[in-house]
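Coming up is one lone chain in structure tokens, specifically the form predicted alone.
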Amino acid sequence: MNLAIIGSGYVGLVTGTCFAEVGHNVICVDNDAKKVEMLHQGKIPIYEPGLEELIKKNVASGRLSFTTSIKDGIDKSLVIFIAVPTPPQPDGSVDLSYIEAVAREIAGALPKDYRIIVDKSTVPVKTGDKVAQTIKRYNKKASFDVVSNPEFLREGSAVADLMKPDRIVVGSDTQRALDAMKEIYKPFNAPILETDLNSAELIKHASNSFLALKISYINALTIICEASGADVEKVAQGMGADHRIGRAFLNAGIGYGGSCFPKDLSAFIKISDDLGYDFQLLKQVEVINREQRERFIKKIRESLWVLRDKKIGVLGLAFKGNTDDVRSSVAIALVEQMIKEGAHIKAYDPKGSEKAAPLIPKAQIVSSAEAVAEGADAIVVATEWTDFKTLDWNKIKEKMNSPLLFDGRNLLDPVKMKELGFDYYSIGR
């Protein structure tokens, strides 16, 4: 099928590339001419495992192309996916200005023959109705349907998530549009859930908010574990063995971050408020997440007595391992707080350093874990990169002023680190 993807960020680029990989003809549209030129050369502006190779392969095959022209994409495509940013606003609501602007551009470019407009961006319930209203307002002759097709991609494993999804959600009020969506997703051999438009839009916010709840729940348990001498990893293992609960998202640490969970949780709370329900449970999830980071800083502060003039090395700046995304990164927030208290920070991330540098201009960004350790009074593991598990920790310890190690992701083995001579602190164990 002929498809257009408007927006070539994390979601749009992965979606378009994977659609091309299964045989569709895909035009990715972006208003950044430099990005489009870069993509035509097979280079990508983000780090996502496996994506660069797939882009090169499908550009070479002719199934994947890039343009700055929405009209060009719409003229050549039956289905148009909207995958533009939906950033948070100060009150927690979602900024839909990009969606509205694209809807107006689509209206101006739609021909008279039928098209399907798909909301791929994460949007509040009822957004699909507003997209349809906007298009009708600016193009009274257009023949189209609006579909909600939320994405469930995890940065760092987005290609695998799209190629082998747990489920595919498509919501529309017409069977014609639903049938076309099923045809698009047929090569993926995954269960397809057909819903109305509003239910599909609600599923994404409900899912991410529930996962954030699981993370905050296990993080709240770390307080109980530390007070009682229990091991949160063993507690999580025992809980996760119950098939009704599952082990996923029961990993204790310094809290969730990134471009999805904080934004989607705040948005769902605001959506609930607007619909007349005070979602106290989700508000407490936000509180627990914030307090988890504050408790971790307190551990560092108490061990060093004061942070002023201390040299602290930070391993990891991305919000999670296997990505270069530093949006709403807890690691960045930790660095900012320690700098605020007078610490001197050296930081390293395998992929995220370049994007993190402008956010923490007072930190020294270095090119290796060994450089982080040089002269450090303490080291903080802030992102769960598997690379950090295999470091030569003996060599790291030798370069430090004192062997203080704070593992904010429970990435390392406490017994092994103590045997190596570290004063080792983790979360809930």
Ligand code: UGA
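In this text, residue numbers run from 1 along the sequence as written. This one's a predicted model, so the numbers in the text were calculated from it and none came from an experiment.
The following text describes the form predicted in complex with this ligand, which does not appear among the structures shown.
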Taking this ligand in the predicted bound form as the reference, which of Leu153, Val232, Ala180, Leu307 has a non-hydrogen atom within 4.5 Å? Leu153
Note which of Lys351, Lys346, Lys320, Arg293 lies within 4.5 Å of this ligand in the predicted bound form, where distance is taken over heavy atoms; exactly one does. Lys320
Contact stretch among 134 to 142, 200 to 208, 182 to 190, 234 to 242 - heavy atom within 4.5 Å of this ligand in the predicted bound form: 200 to 208
Is Phe81 close to this ligand in the predicted bound form, meaning a heavy atom pair under 4.5 Å apart or at it? no
Would Gly255 show up as a contact with this ligand in the predicted bound form if we use heavy atoms at 4.5 Å? yes
So, in the predicted bound form, is Phe249 in contact with this ligand at a 4.5 angstroms heavy atom limit? yes
Taking any heavy atom pair closer than or equal to 4.5 Å as contact, tell me whether Ala333 reaches this ligand in the predicted bound form. no
Cys260, Asp264 and Glu384 all contacting this ligand in the predicted bound form, non-hydrogen atom within 4.5 Å: yes
